[in-house]
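Next up: the same protein chain in two forms, each one alone, written as structure tokens (structure 1, then structure 2).
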Structure 1
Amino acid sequence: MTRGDIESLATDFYDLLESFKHAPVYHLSFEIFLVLAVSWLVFFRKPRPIEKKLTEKEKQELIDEWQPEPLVPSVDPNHPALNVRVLDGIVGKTVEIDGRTSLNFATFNFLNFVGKQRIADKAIQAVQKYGVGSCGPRGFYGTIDIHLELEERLARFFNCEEGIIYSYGFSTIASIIPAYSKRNDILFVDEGVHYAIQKGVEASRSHVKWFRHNDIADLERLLAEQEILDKKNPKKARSIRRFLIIEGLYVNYGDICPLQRMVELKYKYKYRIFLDESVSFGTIGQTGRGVTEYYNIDRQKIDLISSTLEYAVGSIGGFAVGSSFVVDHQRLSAQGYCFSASLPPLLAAAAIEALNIMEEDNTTLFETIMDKSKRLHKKILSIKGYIVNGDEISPLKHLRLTNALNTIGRLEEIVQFAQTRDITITVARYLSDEHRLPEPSIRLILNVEMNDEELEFLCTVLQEALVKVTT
């Protein structure tokens, strides 16, 4: 190599260094990354071992050793769902089980509409006119004039602009929540809400903030924390919607929500209220219009009210009422409405006739059921050894035993003893994936037709059962 060649190489190397000085940082970083990657591939990466082919014998041994996972988890054969009591006849104030008639304190037939001849006659007339089923969703030739009539009647009953009905009670609120609340929205949810609400919350994929059951202070704490976060990022806050999800009367606890304070907080922290009145509809308020009537709250302040037709009304299905702007959105977005066959006309006719009875001028149904609920509450409180959970005017109450005595086993013994005395009651049941499992309890449900003598007999049997299982 001549002197000139060496000088040429030195010049080229100097030019290369100068080019590095002027090159962009991202360009140099990328080249360094490539050099390191190539070095790792060449010097450090281990070649994949050549897989050894298995012999036919080895393959068969592996097949013989393989144990597939069960398609479904194992279930205790004594699980209550596999050992149900079979009823015969109308499930009304009384029920027939194994040939014996007993007083029914187990089903949600609050107003004793199940089996009422006047309602049954209307359902029979509907079958003769429309047939049994609809065989189509509401948007695909499943809408019948009687559906529109029921929706109009429900809206008028609650003094709202519009109503919408669903063919299944569970799917009502479970479809409504994800129809409005989407990813990144925020749901403030009472941790005591029933399972259908929990499934709707889960399906929404929204950010969920659970507050302690009926604890206004805990709700306000969460709202205040969110307000601080919103002030830190106002641009994001403007795109987030906030919802409060509550029940009027909680099916898992029997107590009424503090709706007045929640409405006050709505205007302070700017959220929407979705109120499920499944239990309170037809049982609470002077005319059975639920907790809004009980607290004398303008329903226009509640963004959406949902309920079921399967409790007080004694039919099947569910509904929601509110402004036309809010309700109409469900007709294109609520899965339970869009993709389920519409409510059978006979059930819509039954629900309309039930509303007719509820709206009669001389009805004392609601005053009577609240008064009897108070009397029953007082009677059970007088029995030492039971804890009564639920508001005194609630027709749904939860009974628990004191301290360590309150076990599923003991409660089941009380239920079984009561059945031998012709009183039908039940232990409240929950699924294992509930957000918060309530304590074990016996769920008592009052039928408006129960008289004082029958309520007294219930309390006598409960007292006898308590003595039997605790001695």
Structure 2
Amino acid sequence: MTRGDIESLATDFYDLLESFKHAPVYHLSFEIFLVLAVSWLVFFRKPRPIEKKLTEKEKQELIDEWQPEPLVPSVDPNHPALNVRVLDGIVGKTVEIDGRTSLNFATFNFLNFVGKQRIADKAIQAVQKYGVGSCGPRGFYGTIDIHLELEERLARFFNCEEGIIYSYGFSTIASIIPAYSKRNDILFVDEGVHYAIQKGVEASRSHVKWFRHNDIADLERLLAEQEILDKKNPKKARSIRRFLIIEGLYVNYGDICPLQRMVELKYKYKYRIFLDESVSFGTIGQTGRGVTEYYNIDRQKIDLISSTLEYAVGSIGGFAVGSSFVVDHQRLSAQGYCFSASLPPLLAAAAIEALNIMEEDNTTLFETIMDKSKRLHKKILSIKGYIVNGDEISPLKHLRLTNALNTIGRLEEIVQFAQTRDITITVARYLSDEHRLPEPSIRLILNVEMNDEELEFLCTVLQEALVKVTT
């Protein structure tokens, strides 16, 4: 390049700059805008998907073509739910099936209140005063004075401030959990809890952390992990509520929870405890007040105790007791309480009378049932070939065959054989979508009024059944 070329380039460049200075403002701003627009189009705009616009004809074709599935799938006619035993008469210590009377080791009638004359009389009186149904939810003239009495009695029995009753055992805990625990909260739940609690946990939409059944070490691990997360984000941690959901005596396993350690951890990790005492109410503890009495733990330390009136008490419904601060919230937020008709008064009257019996008796019934449970446990352990799950003192036991032999088919055979020998027992029934489906088992339930001979007879029949099934 000659010197002249460089000079002409320089003057051209100088002219260009001069022209910029002299150009009108609108021209310059338009140029700048164009530059920006082009750079946006090239670098920043996301490619928009081409929208399918369907014609009416195409839409109609889609609608005509669409075939739904059948409403329900076909069902196996041999499913046990379609072939249940039909009963007749009072299902107490004995039960009548197809004209034959047999000993009842299957229903949750722990204290044998079903069919008791006192309770039946009180229920009849209630019908003569209130009729059968309550015709409304609690908010709309469905609160009957007998409900208030039952709530007071239950609170007094447990030495708590307030009680609340529900009209269905299943809905009790399934409504309680979502009333307190919302989307952002954390639930630490034992894997072995029963189905109603699982449904309550599902309905609450909270984060669930399952820990291995009765495994405190696993729970501590989860709590420690959560603590680390909390330290990372303390502001968020202050708005997350934590709850521990456990059962006193597990229906699916028959064992008692390690409550003392859980209460200690409560104060360390700051969670609230919801204890479901469906089975342990009326069966564990010196005066039947449950696991808190058994372990001698102050009941004020448990935030909420929920239970059912459908097992030991021999009525229908459920309840929860605790401090007023905790329990009162359910009166406006628990769905199964606010939107459902209240408990029929005759069932509340039956429950009150059952409580009367429990309080009058004080310790005898409960000492007896714990004692008999221990004896039954020993007796069954002595039968080789059966595994018994459950605590010694638990009146509810799960019976299984050893290892590979333990199938539902064999257990059903044992049950059928026992029925021919006039012993009514049942295989524990579950739905397939349980969180952790327990191994198949026969759920044996002890009635407090069974005497030694009857327990011996049960063991004899079980032995014979075992022989029949394993040969």
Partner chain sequence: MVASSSPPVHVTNVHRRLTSEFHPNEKMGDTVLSPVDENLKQYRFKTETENNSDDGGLQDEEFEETPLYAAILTYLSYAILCLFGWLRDFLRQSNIEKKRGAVDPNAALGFVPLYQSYESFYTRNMYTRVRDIFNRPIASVPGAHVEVVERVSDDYNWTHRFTGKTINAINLGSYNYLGFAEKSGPCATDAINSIKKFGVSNCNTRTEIGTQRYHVELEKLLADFLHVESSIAFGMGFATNSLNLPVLASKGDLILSDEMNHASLILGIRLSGASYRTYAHNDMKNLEEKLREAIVHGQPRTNRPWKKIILVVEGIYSMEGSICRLPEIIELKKKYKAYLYMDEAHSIGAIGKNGRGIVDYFGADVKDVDILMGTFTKSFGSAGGYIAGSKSLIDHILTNSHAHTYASSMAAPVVEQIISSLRILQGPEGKKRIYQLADNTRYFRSKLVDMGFIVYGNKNSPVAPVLLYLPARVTRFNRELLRRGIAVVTVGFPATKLLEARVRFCISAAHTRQMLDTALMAIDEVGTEIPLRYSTRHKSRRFREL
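Rigid core (definition): largest C-alpha set, two forms, superposition within 1.5 Å. For clarity, every value in this text was computed on a predicted model and none was experimentally measured. Here, a residue number simply tells you its place in the sequence of structure 1, counted from 1.
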- Item | Correct structure when looking for the form predicted alone | 1
- Is_shifted T107 between the two structures (CA, 2 Å cut-off, rigid core): no
- Post core alignment: E439 C-alpha displaced by 2 Å or more between the two structures: no
- Message: Aligning on the core only, does the CA of R429 end up 2 angstroms or more away between the two structures?
- Response: no
- Taking the rigid core as the frame, how far in Å does the Cα of T363 move between the two structures? 4.9
- Message: Once both forms are fitted on the core, what is the Cα shift for I63 between the two structures in Å?
- Response: 10.3
